[in-house]
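In structure tokens, the next block holds one chain alone, the form predicted on its own.
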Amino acid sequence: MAAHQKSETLSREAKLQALRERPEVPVLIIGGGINGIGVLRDLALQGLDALLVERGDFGSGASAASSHMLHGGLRYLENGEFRLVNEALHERDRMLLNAPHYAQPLRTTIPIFRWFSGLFNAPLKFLGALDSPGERGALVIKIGLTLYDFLARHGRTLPRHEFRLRAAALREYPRLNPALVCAASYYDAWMPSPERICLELALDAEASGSGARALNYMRALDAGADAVLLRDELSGETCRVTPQVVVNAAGPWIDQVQAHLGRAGQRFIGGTKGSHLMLDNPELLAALGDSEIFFENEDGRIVLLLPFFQRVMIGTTDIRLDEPDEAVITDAEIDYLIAMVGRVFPDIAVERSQIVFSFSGVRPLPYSDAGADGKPGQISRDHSIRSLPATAERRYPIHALIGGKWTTFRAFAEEATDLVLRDLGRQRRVDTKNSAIGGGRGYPTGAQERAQWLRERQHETDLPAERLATLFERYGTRAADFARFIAAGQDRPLAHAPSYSQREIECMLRYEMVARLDDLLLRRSLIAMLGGAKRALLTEMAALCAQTLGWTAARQAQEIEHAASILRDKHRVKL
């Protein structure tokens, strides 16, 4: 496990002990979603010692609740956000190169039911004279996709868009609503495991040799003139750290963190809730083929149907919600999303009984009157930084990271890192544009190269070829570390999730900063999201945690009930 030697020495307790002994940190990052972890990784590559604290698990908030898309944002063109779309398209392409194990090309098809609808709405919205959404017709979508292709022309990695008339579209997708007039297809990308991208960025930061550290289940409670009070959410222990710079990357919780830092009353965030369903519906999955179906309801709200391994994801809603901890899908949202399937696939039945998982989160959007007026879809998805200089009462500057899209996290982190470097009188020494992420490092680029890579791992570990292929699909080139660990001891499949094995889970427990049972089910794996979380599995995995992490019988029982309550209350999973 050579690649994980540093992570093994930096156990959670070792990091806590280091804080007790040396509470001074050049940079404190509050928030372990993709923006905060992106900044940690960037700072680490510049050689800076930084500490990231996250009150839950890494990537467990808004970063876990996205539509799993890496895209330019086609509909943002209508709002005139050309800079954002241009940046997002190029960052999408960088992710395809830097994280090919977790970023994959995705063909997206738009069924279109009108030729000219929205023709006048689009320019009026662009000019700011109209802010209500409306359905777009073929001509408006054609203009948008042409602009999309134009902005992505430099360094193009994906095919251009194409239009097909009704007959051709129905030949390819015979279950589509025959009322359509045409269909358009273009390419973006998707990420099946956004939480693992967060994790691997944190692991990369800690392995950089800079002294960067990431602590999950560590909450920022309060702040004084030169120190910030932290509390370990697992033990209740508190400690103070003295930062030179603070980065508030708490996403939808930014305003709450600002209040803890002595800046109560500031209003930076006006988030909206997006909810999604995961369906076990083989008929719908087959109808989608190799494409995401992306379309608009008559009210202009975007809906997507995404093939997700053997499941189908349906999303998303866009509802104003000020309290991010209350983000749970409602019955009305479920009804809305299910009804939308019938608009494009009218002869495919979707039942509530087919729902295996649901998730909701609040987008960390900038506060805007648009959201307050009931038009949240019009709020910009762009990112910005609100900086508060150091004062006599608070001797460190605070940079609050507002908004942002998953796709643009690297560019946003670069912007924030440059501000921190300026505060500390340092210069950037590494450009992150071409910095591979985790298991994307040394990734074999073609079928022959992949086959050779797998043969070498099989020769090294003697694991079956099929098992190595599964590990490679899950972890990219980090599969080599998993394979070596698995081969070093007696292994067997989990009784209640046989595509995973005991040694595979133990490898996560030892080297992937797992602190709670739900970390394994929801963020280190796709087990829960794909509908595999059963009570018997929780018991089985808790026993593995006890063996590896030293949990008592009482802790095992507590973790089982804690995970069960999250699955039941947050994701509507029936155990």
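Remember, predicted model here, so these are calculated numbers, not experimental data. From 1 onward, residues are counted along the sequence shown.
Form predicted in complex with a small molecule: not shown, discussed below.
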The stretch from 101 to 109, 281 to 289, 405 to 413, 385 to 393 that lies within 4.5 Å of the small molecule in the predicted bound form, judged by heavy atoms, is 405 to 413
Which residue, 243, 270, 274, 438, has a heavy atom that falls within 4.5 Å of the small molecule in the predicted bound form? 274
Is residue 253 near the small molecule? Define near as a heavy atom within 4.5 Å, in the predicted bound form. yes
Hey, in the predicted bound form, is residue 46 touching the small molecule, heavy atoms inside 4.5 Å? no
Even though the partner isn't displayed, in the predicted bound form is residue 316 close enough to the small molecule, meaning a heavy atom within 4.5 Å? yes
Closest heavy atom of residue 362 to the small molecule in the predicted bound form, within 4.5 Å or not? yes
State yes only if every one of 203, 208 and 507 has a non-hydrogen atom within 4.5 Å of the small molecule in the predicted bound form; otherwise state no. no
